[in-house]
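Single chain ahead, by itself, as structure tokens, in the form predicted on its own.
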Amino acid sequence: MAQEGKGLKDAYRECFLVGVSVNQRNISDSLQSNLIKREFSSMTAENDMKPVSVHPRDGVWTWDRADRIAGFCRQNGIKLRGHTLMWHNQMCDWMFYDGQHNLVSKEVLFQRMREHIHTVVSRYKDVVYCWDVFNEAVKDGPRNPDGPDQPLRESIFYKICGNDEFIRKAFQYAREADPNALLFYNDYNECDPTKCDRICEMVKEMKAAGVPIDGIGMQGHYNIHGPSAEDIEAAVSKYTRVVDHIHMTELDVRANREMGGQLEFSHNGEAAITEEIKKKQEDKYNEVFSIMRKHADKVDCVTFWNLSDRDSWLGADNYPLLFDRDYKPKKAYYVVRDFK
């Protein structure tokens, strides 16, 4: 049982790391940075280590913001999750095109990917303990009833390669750059049964072929209505049969029915957050953490996506996190911390 007065990292010390994604303001403002240091044992750069942030043009590297976050972790003894090496969004788009804006060959793409991954991973290998190597490559939606299921999102990576080789190469390059970091495939809507099966099938096949995938990142962009505890439990159980490391990488619980990558800001403002909604959020957080604790033999880390409602990519009116817009703990915080 967690002890009163402890931070989240202390309450879960015997279970798993508790993490948070951060921006520059979070680590610069003393109130926010002290909250991070008190509550969390792992950090993720929300945007500042993504490809476009550190490598906006060929031969141009912009390290300042990522370096500040890495330096904060080094100075305060906080583990750093690397996020993300490859993604179809917030990507170094120049990697995909030649001087005439035609798509490059896959060989050129792979060479550019390798340089990017080696450079980024090598720079932070003293402080980053794991990387989200590839983000959101598996598609949503039902299986094809008329033939074989094509599981991958039709991203620009897929258009160039025509198969999953770009995912395999990314993991190969990350392992070359850091033999010791844990390497994750990361995705949202990961509790949807069809997408969960696609992820499991892909990772299982790749691991059998020698691709160095150590873990699966369950993003955890949920809402007060779902996914159900049964679907979360089923997904975690399936993933633990495929890999030895599970991270919940981007947890938040919205006060509406949007989930995953949806971002419509459909809620009607803070005044619409009723006691019933608060209780549903508390119950959902309790469900999630109960399941994560049950699987603590393979769950290494649970990370909240942003420090407070004020910072959230979902907007403060969606009320998604344990700390409100003034960085004060909600009742949901105590439900998570003071488990029995």
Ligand code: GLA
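Note that residue numbering begins at 1 and tracks the sequence as displayed. Fair warning: this is a prediction, and the values are worked out from it, not measured in the lab.
Same protein, other form: the form predicted in complex with the ligand, not shown, and the subject of what follows.
- Looking at 110-118, 200-208, 93-101, 214-222, the stretch with residues near the ligand in the predicted bound form, meaning non-hydrogen atoms within 4.5 angstroms, turns out to be 214-222.
- Among residues of the shown chain, residue 178 is not one whose heavy atoms approach the ligand to within 4.5 Å in the predicted bound form.
- The closest heavy atom approach of residue 55 to the ligand in the predicted bound form falls outside 4.5 Å.
- At the 4.5 Å threshold, heavy atoms of residue 289 stay clear of the ligand in the predicted bound form, well away from it.
- By the criterion of a heavy atom within 4.5 Å, residue 284 is excluded from the residues contacting the ligand in the predicted bound form.
- Of the listed positions (300, 309, 46, 39), a single one reaches within 4.5 angstroms of the ligand by any non-hydrogen atom in the predicted bound form, namely 46.
- Interface residues of 112-145, taken as those with a heavy atom within 4.5 Å of the ligand in the predicted bound form (partner not displayed): 135, 136, in sequence order.
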